[in-house]
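Presented as structure tokens, the chain that follows is alone, the form predicted on its own.
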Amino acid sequence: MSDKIRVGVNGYGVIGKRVADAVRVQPDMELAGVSDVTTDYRIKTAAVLDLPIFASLPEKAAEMQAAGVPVLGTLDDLLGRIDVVVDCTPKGIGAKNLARYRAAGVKAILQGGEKHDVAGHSFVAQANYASALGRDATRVVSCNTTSTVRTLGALKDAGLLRKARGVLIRRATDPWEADHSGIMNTVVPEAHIPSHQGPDAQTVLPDLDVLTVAAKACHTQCHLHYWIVELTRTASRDEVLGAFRQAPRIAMVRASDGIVALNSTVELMRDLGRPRGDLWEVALWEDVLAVHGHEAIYTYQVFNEAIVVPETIDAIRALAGRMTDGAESIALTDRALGMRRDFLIGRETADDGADERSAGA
């Protein structure tokens, strides 16, 4: 057996390409190939990068070959070479693919577009890594749910969380689809209260007292969350900030540094040389957070294109069962990606202080 976990990615789109790149920089993983059905620039980019390419559907292989995509075989061929598959296909397809993965004896990771019941387990590394160990499948929750669990989980681990109420201002459409359709000159409230993110967070942390409301706004980059949290006791602002600083994958930004809006952080990621300008962390405004007695109010940014990538990497390790300590996996992932606790203070990375963190063990 190879010393490295052999990984395949089915679906080379916005999440799939980022997962594939993240796998390639992990010291204990090997990317065996990516699979798709398209013939456009996305999969041709994978060819330029010399990634092994497979056809997700056998009937698409000839079409892909004719378009100049160097297809090595079908998804079944890829499944025969790997330990874990990460399904990054459009919503609903992963659920249909799961039986195929199980029949091949390959562990499978689905994304947040699938329902919790499909895999029977939902995953955020800091919260429930241990319960994913050795499973045949898990679901990495959505971008908004991931951020919710990270921040509320930090307060919960510090013994500060009683209940939480959140307002989510969601981007209208993804940047690469801005030419298709979108919301212009308006804000559209979601029709249901609670919105789905609160109940989804409870699939990871069942005892959360959480309620969310959401609206779609006319922008294409990132989501913005506001949270009003009732604490278990009177706490200071420094104590609440300390809980966030101790948690993995939460990085501080400050309006006083000119980070005053979503686009500011996007530009900051580019200036820092992040691949694709990706923000894997929750970017929490340190100088906006307010604490009044038993109540804390804070806001943060969610980069929907990338935030679930480190969680997916940890899910690979958990399913493979070769690293049983969640904090160790988080530290290894974050070190390989170059994640940070603060973007503008020194070169501090998120793996510092990993021994002080909870990882759902």
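Residue numbers here begin at 1 and follow the sequence given. For clarity, every value in this text was computed on a predicted model and none was experimentally measured.
There is another form of this protein, the form predicted in complex with a further copy of the same chain, and it is not shown here; the text below is about that form.
> If we define contact as a non-hydrogen atom of the residue within 4.5 angstroms of the partner, is Leu268 a contact of a further copy of the same chain in the predicted bound form?
Judged by the heavy-atom cut-off of 4.5 Å, Leu268 is in contact with a further copy of the same chain in the predicted bound form.
> Within a 4.5 Å heavy atom cut-off, is Glu305 in contact with a further copy of the same chain in the predicted bound form?
Glu305 belongs to the contact set for a further copy of the same chain.
> Check whether Asp83 has any heavy atom within 4.5 Å of a heavy atom of a further copy of the same chain in the predicted bound form, and answer yes or no.
Taking the distances in the predicted bound form, the answer for Asp83 is no, it never comes within 4.5 Å of a further copy of the same chain.
> Mark Glu59 yes when one of its heavy atoms lies within 4.5 Å of a heavy atom of a further copy of the same chain in the predicted bound form, and no otherwise.
Although a further copy of the same chain is absent here, Glu59 would stay clear of it in the predicted bound form, with no heavy atoms inside 4.5 Å.
> Looking at a further copy of the same chain in the predicted bound form, is some heavy atom of each of Ile93, Lys115 and Ala119 within 4.5 Å of it?
Contact check failed for every one of Ile93, Lys115 and Ala119.
> Tell me, please, which stretch of 130 to 138, 101 to 109, 147 to 155, 252 to 260 lies within 4.5 angstroms of a further copy of the same chain in the predicted bound form when heavy atoms are compared?
Looking at the partner contacts, the answer comes out as 252 to 260.
> Check each of Pro199, Gly242, Pro175, Gly73 and return the one that places a heavy atom within 4.5 angstroms of a further copy of the same chain in the predicted bound form.
Comparing distances to a further copy of the same chain in the predicted bound form, the residue within 4.5 Å is Pro175.
> Which residue, Ala235, Leu224, Leu79, Leu208, is the contact with a further copy of the same chain in the predicted bound form, using a 4.5 Å heavy atom cutoff?
The residue from Ala235, Leu224, Leu79, Leu208 that makes the contact is Leu224.
> Residue by residue through 4 to 28, which ones have a non-hydrogen atom no more than 4.5 angstroms from a further copy of the same chain in the predicted bound form?
Those in contact are Lys17, Arg18.
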